[in-house]
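The chain below stands alone and is given in structure tokens; this is the form predicted alone.
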Amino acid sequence: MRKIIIANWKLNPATLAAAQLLARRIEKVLALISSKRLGRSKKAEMVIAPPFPFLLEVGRILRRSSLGAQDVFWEEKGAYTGAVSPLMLRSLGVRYVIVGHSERRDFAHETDAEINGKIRSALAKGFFVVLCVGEKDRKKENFERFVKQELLLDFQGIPKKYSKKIIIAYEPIWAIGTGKTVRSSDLYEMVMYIRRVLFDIFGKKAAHSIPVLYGGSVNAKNANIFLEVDGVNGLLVGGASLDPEEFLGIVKSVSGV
């Protein structure tokens, strides 16, 4: 299974000019490595997810990576001030959408019912959907049940036929932007647990084929550690994706350079 690296820029950078510069620098970084190993090859898929206002211009720059969006709304049109529909994103060349990120669950107070609606809408429009799940505190009991509940509610009623377009990003909330990372053994156990839940939802074939990524304080030094964990199919990268040189190190982990 090919590896997937998603660069989530979050609320960065501050200007369009800076976003264009960053996109060009990342493209240059990807060009440093053989095109046989990266880009839309059989081995890896690179996805850049800039803020909404920069999607069009960043998309025009990308050649070796796909364009992703950090969120999507569940309706196509209507009186929803500030919302961005799947049709709008598709018209800009977006192929991937991130939904259920813990930061949106927190500051935007997104519910699992809303996330479910976003997943339904995005899948129906042909997007690859990256669902983020993760526990708040690993020390508390039933943290696995917390992740299971997210998966069950967010995928409630989703037809099995859409499983080929689904990606799971396991991001323990306590590890995002904190410098703390999950141990390899714990990550393996969680990935296997997620696949067991996916088995219950979508069946055996989907449980094995749905990519599971890891996110949470990923950088060039630890990327390879996560990628070597059995069952991990890629990375969701936050802050490190804003530094082209750091991102180069992460990319090298995938390409074996």
Ligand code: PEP
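A residue's number is simply how far along the shown sequence it sits, counting from 1. Just so we're clear, the structure is a prediction, and the values are computed from it rather than from any experiment.
There is also a form predicted together with the ligand; it is not shown, and the following applies to it.
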query: Looking at 198-206, 185-193, 52-60, 213-221, which one sits within 4.5 Å of the ligand in the model of the complex if you count heavy atoms only?
result: 213-221
query: Considering 158, 176, 147, 92, which brings a non-hydrogen atom within 4.5 Å of the ligand in the model of the complex?
result: 176
- request: With heavy atoms only and a cut-off of 4.5 Å, decide whether residue 253 touches the ligand in the model of the complex.
  value: no
task: Give a yes or no for residue 234: in the model of the complex, does one of its heavy atoms lie within 4.5 Å of a heavy atom belonging to the ligand?
output: no
message: Under a 4.5 Å heavy atom criterion, is residue 135 part of the interface with the ligand in the model of the complex?
response: no
- prompt: Taking the shortest heavy atom distance, is residue 239 within 4.5 Å of the ligand in the model of the complex?
  reply: yes
task: Note that the ligand is not shown here; using its position in the model of the complex, name the residues of 7-25 with a heavy atom within 4.5 Å of it, in sequence order.
output: 8, 10
